[in-house]
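Next up: a single chain in structure tokens, the form predicted on its own.
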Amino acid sequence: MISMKHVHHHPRHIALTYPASVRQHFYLLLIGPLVLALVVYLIASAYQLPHTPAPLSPAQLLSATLATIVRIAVAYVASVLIAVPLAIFATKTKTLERIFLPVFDILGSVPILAFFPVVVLVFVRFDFPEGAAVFILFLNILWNIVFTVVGGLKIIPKDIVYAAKIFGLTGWSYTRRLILPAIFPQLVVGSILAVAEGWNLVIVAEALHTYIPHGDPSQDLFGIGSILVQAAANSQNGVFIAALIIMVLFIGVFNLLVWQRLLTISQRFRFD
């Protein structure tokens, strides 16, 4: 339900649009999740997986979803607070760009899961497993936002920059009145893509026992991601489908109520 289109006058400028009609909203919030649940159920039935009693109530599933949301939210806020200043600093001069942008590109290209086991072991040693999941989500979200903010900074028209200098905007005033509004559209787009990847990664970020020597499922973090992993491993089709529907419904509602609103507001700050 998300469409992406390139603005012709600049190949880097990406715009996202969300469904606007009642029929599209109905599909996203009801028909879409039901179709997804049906497909998953048919696949599970085709393999004739044994069914086990569902040990989780709807309240527990909602609590698990809330726990996952908090982890992603903490990682996202931390990523924005670091990514925006980092991107602004790295593009401040041509020399800094030549030094830092290649480094960012390399760091952003390193597979997050390649060193996730080391991260888990470090945090588990200090008895802080929550930190392992949040930290790995933070790294995954961080570079998505850094690159989109850098792209937003690069498309600020030169005449706007010159006008700001003529009017004496410097320091924090320059950043607050020009830079932050200018990068807002790209920050919103980057946030949507980054948080979407966070939801993809949370499935493995919460299943910590996979990365702990001789680990067991009791060491997993309580969240919708670990529930999906454990339900799939234990052939609990009902739990798996219920957790999947709740996750998809929340993402759909959040997209409509938050991201769509922010995208609409961000159009005021675009350079056309």
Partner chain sequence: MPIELRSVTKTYETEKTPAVRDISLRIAPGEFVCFIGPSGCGKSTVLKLISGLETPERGTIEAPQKTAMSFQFGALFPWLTVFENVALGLRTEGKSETHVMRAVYQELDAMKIREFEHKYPADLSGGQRQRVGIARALAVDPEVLLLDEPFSALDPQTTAELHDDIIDAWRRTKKTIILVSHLIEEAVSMGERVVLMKAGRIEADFRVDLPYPRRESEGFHRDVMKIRREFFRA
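Numbering follows the first chain given and starts at 1. Since the model is a prediction, treat every value here as computed from it, not as a measurement.
The same protein also has a form predicted together with its partner chain, omitted here; what follows describes it.
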{"query": "Within 4.5 Å of its partner chain in the predicted bound form, all of 204, 209 and 232 (non-hydrogen atom)", "finding": "no"}
{"query": "Any non-hydrogen atom of residue 125 within 4.5 angstroms of its partner chain in the predicted bound form", "finding": "no"}
{"query": "Any non-hydrogen atom of residue 154 within 4.5 angstroms of its partner chain in the predicted bound form", "finding": "no"}
{"query": "Partner proximity in the predicted bound form: residue 165 to its partner chain, non-hydrogen atom cutoff 4.5 Å", "finding": "yes"}
{"query": "Its partner chain contact at residue 119 in the predicted bound form, heavy atom, 4.5 Å", "finding": "no"}
{"query": "Partner-contacting position among 85, 181, 102, 108 - heavy atom within 4.5 Å of its partner chain in the predicted bound form", "finding": "181"}
{"query": "Position in contact with its partner chain when the complex is considered in the predicted bound form, options 78, 192, 134, 169, heavy atoms within 4.5 Å", "finding": "169"}
{"query": "Answer range among 155-163, 69-77, 136-144, 110-118 for contact with its partner chain, defined in the predicted bound form as heavy atoms within 4.5 Å", "finding": "155-163"}
{"query": "In the predicted bound form: members of 126-154 within 4.5 Å of its partner chain, any heavy atom", "finding": "none"}
